[in-house]
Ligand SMILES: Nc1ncnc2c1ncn2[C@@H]1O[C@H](COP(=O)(O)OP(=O)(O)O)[C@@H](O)[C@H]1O
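First, one chain by itself in structure tokens, the form predicted on its own.
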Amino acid sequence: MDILKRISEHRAHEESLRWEGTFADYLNIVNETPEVAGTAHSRVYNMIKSSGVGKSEEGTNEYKFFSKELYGLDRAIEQLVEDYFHSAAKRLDVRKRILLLMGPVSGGKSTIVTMLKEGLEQYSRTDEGAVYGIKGCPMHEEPLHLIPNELRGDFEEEYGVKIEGNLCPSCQLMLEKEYDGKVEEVKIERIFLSEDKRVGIGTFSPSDPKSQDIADLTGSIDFATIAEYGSESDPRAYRFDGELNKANRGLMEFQEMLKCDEKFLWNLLSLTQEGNFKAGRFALISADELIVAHTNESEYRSFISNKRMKHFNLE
């Protein structure tokens, strides 16, 4: 019976973490804790740093987040955290690169990705790592996107928080139809990143390029609702359920990326460099997420030798 008691306590704890309020309430949270409106890259860096930093026998920084399961990789981990995550958290241009982990078989690449995923899930359940999104948004997007572009400069000056990105088509319609444009009344909720529930963490694995649809990445038209809403460009007739949609605010693992058909990679190029991607008959859709892939050296050499692939920024 002890396990049933612990399950009950766990459920009660999960319920205690839930929060819902209005956009006006969320602004108070941002004013008190600006970190909640940080980017996906800063969220990953803060998560790693929150576990503590020590010194290894070699004199390198030992990030305890990784040292629990990885051994002998202190120098590589230090380079990964300092040169990529730390710089990306500061919004430097390195965040416009896809993080590609390269190494031999059983070199720890998949383990690092798994640790990042599981770490984000746990971190989003802490006070320090709390994440909030617009209630009802299929991409659980940053509520600050509700602030009009014309007012963002004033907001940044007052709150010290930079806003990047625009409302997704679904939220634009919701704001107009359900809230009559009254931004302050829009419902906001705390979200918990979860790979199983496809919230803020996604995984894409390429298959046969002749049969796999780009919709696996960017979502697809819901043909069952077109007759009801009358247009393929109506957000209500579109399923924002691609991996890029669902991984927004967190991390997407791209398995076997270098073996993927070229048409899938162009969306990654747009997302990492411009912070948006194209889906359906909509304007560019904003997304904030870390794209991480892993490969071996032979595949990497073959990839970069292809002149058509020189545009892809890999870190």
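Note that residue numbering follows the sequence shown and begins at 1. Quantities reported herein were computed from a predicted structural model and do not represent experimental measurements.
The next section is about a form of this same protein that is not shown, the form predicted together with the ligand.
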note = TL;DR on 107-115, 166-174, 127-135, 226-234: the one with heavy atoms within 4.5 Å of the ligand in the predicted bound form is 107-115
inquiry  = Between Ile214, Val94, Leu73, Ile147, only one gets a heavy atom within 4.5 angstroms of the ligand in the predicted bound form; which residue is that?
reply    = Leu73
message = Quick check on this chain: which one of Glu32, Asp261, Glu58, Glu69 has a heavy atom within 4.5 Å of the ligand in the predicted bound form?
response = Glu69
